[in-house]
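Only one chain is included here, represented as C-alpha cells and corresponding to the form predicted on its own.
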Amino acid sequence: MKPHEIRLESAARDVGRASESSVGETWTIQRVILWTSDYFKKKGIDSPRLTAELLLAHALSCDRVRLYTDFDRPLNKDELAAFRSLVERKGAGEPVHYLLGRREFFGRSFKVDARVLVPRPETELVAEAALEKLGPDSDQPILELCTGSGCLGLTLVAERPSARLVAVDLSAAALDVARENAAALGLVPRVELLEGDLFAPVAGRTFTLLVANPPYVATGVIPTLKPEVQREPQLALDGGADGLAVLRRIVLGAPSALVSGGWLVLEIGEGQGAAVLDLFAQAGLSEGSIRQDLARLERIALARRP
C-alpha cells in the first residue's frame, strides 16, 4: 500500500511507533515527509508539506535540499525520536519557527522563541519604508518601540552601517532575545537596548526616525486567531479593546521624540488606516499616508514631524 493511501489517526504516533520498533517497514526520508504532511493537512496546518520538510531538516541538521538528495535514506531510531517530538509539538499548536528557533527576515537569520513574536514577511515592508527615510550614509539615531526580537530595528542598522539604534521593550525577556540577535549580527556597538514602557526610557531624547510594530490586535479578536498565533506573547499582540491602545500612545507621543523633519513609520492592522490618519492629525504630524501589503491590506502608516 502506498503511503498516501494509508489513513493515519496521528502521524506523530505512527512515527513514534517506527522509532520504537526494530522491525516492520523502513521509514525513509520520503516516507516520513509524506506521512507527516498528511497529518499536518488533517490538522489544518498551513503549508503542511513545507512544515514537514522544515521540521525534518531541523531534526537531521541539514537543509531541505539534502532531504531530496537523500530521499531513500532510512532514519535511525534517534532521528525518528527527535522528529517525533517536533511533530507532536507542532500538532499541539506550537509555531513552527519556535521549533526551529530561527526565522529569516530581510535576508538575515534571527533567533525567535516563545518570548517574542515570530517576524512576519509583511513587516519587511515596514523595514523597506523606514529605509526610504534613511540616507545610505545616515548616522542619525533611530528609535524602535516594542522591539521584540529586534528584527525590525536591527535590520535598519544592519542596512545603514553608520546608523545607531535605541530599542525599547516592556518585556525584559524579549530584550534578552534582541540582545542575542544584536550580538549574532555584530551590531552591539551601535545598539542600545532599554527596558520600559514606550517613551519612558528615552524621555528628553530625540530621534530622526521612530519605528514600531506594536500590539494592534483588538482584545476580543485574539481568541479567534490561529492556535499557533495565540501561542505567541499576548503582550505583543493585545492592542486593547479597539486595537489602537498602543498605537494611540505612540502616535501622540511621537512629536516629543522626533526632531523636526523626523519620520514615524508604523505597522498597523487591517482596517486601522483611517483611525491612524486621524491620530496623525491630532498629534500635529504631517504627510500622513497609509500603504498596503502584498495582500492589499492596510499595513504601513507613515507621518512626519513638521
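All of these numbers come straight from a predicted model, not from anything done at the bench. The numbering used is simple: start at 1 and walk along the sequence shown.
There is another form of this protein, the form predicted in complex with glutamine, and it is not shown here; the text below is about that form.
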4.5 Å heavy atom contact, E122 and glutamine in the predicted bound form: yes
Hey, in the predicted bound form, does L117 get a heavy atom within 4.5 angstroms of glutamine? yes
Considering only heavy atoms, tell me if L237 and glutamine come within 4.5 Å of each other in the predicted bound form. yes
Non-hydrogen atom contact V202 with glutamine in the predicted bound form at 4.5 angstroms: no
Which of A82, L100, V217, A158 has a heavy atom within 4.5 Å of glutamine in the predicted bound form? V217
To test your reading of this chain, name the stretch in 228 to 236, 187 to 195, 107 to 115, 89 to 97 whose heavy atoms come within 4.5 Å of glutamine in the predicted bound form. 228 to 236
Between 251 to 277 and glutamine in the predicted bound form, list the residues on our side with a heavy atom within 4.5 Å. E267
